[in-house]
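We begin with a single chain expressed as structure tokens, specifically the form predicted alone.
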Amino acid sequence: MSSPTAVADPYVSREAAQPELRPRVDPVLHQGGPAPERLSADDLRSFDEHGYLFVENLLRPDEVRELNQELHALAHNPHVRGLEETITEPGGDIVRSIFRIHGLSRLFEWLARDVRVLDVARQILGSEVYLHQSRANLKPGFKGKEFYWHSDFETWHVEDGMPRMRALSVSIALTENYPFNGPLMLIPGSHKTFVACVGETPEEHYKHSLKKQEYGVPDDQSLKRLADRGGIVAPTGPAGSAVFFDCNTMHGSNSNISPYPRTNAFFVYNSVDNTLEAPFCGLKPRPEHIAARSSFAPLEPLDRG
């Protein structure tokens, strides 16, 4: 008796000599989720079409203030600064990101489970979800470096073994996002095209990519084609606002040469029906603080009123 034929991977990347644009084969919205009423029908249509949703004032000012105080304490804690979870800017000791922030802080763990955030993920992904990754990004005034254009899914698929496009991210602003302090930029509609990148993934690539990504980066021509189709947006607004975006939405941010810092909390929700396999690049998995695989237990919602 012959073995079943393996299903071909529709999202092969970093294997060919030339980049390629391929149509997405997975739906953006999934039915049957446990939180059907958090987003309106118009919100869902917009997310499906554009690949992101901007929500002003998701958090109250007092909540933002408390989270900023907590993050400031973590970023200046010698123990936290010595952890592998803490990433500094290239060529310096300024904190760029703190990964697994929900495991280092009860406040950020509560935020990850807050129904205002979690229920959006559960509704869009149509299932219970777990945290694939969490982090805080700090982009100080004058010195904060850019995050170059990329699709998160390309990396999560190749380096983490995420099978399909059934995950989403939320970036929650802890400082005001201005047009000039390096806000998140997105290419609307780009989530419906997969960009297969070039360049074989090096061993332990994450040690360099978290400071400056060089593999899994789309080529200039592919980026131009996506931007020519959908344009580029940079949602701005007060601290406490949030951008929810699909795992395959092309995004990045400029360096911050303004005097005003730009800080955000970042959570990645993956469907419990889309749990990680072996990395598709054939290398060993990235560490747990970057790609959770020790437990895929659903997050318990927390309603703080």
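This is a predicted model, so every value here is computed, not measured. One rule holds for the numbers: they count along the sequence shown, beginning at 1.
The protein also exists as the form predicted together with a further copy of the same chain; that form is not presented, and the subsequent description refers to it.
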request  = Could you tell me which stretch in 161 to 169, 140 to 148, 77 to 85, 107 to 115 has residues with non-hydrogen atoms within 4.5 Å of a further copy of the same chain in the model of the complex?
outcome  = 140 to 148
Whether 30, 53 and 123 all lie within 4.5 angstroms of a further copy of the same chain in the model of the complex by heavy atom = no
query = Looking in the model of the complex, any heavy atom of residue 223 within 4.5 Å of a further copy of the same chain?
reply = yes
key: Any non-hydrogen atom of residue 278 within 4.5 angstroms of a further copy of the same chain in the model of the complex   = no
inquiry  = Check residue 198 for me: does it contact a further copy of the same chain in the model of the complex (non-hydrogen atoms, 4.5 angstroms)?
reply    = no
message = Just checking whether residue 180 would be counted as a contact of a further copy of the same chain in the model of the complex - the rule being heavy atoms within 4.5 angstroms.
response = yes
message = Can you work out which of 256, 248, 264, 274 has a heavy atom no more than 4.5 Å from a further copy of the same chain in the model of the complex?
response = 256
ask   = Taking heavy atoms and a 4.5 Å limit, what residues of 226 to 255 are near a further copy of the same chain in the model of the complex?
value = 227, 228, 232, 252, 253, 254, 255
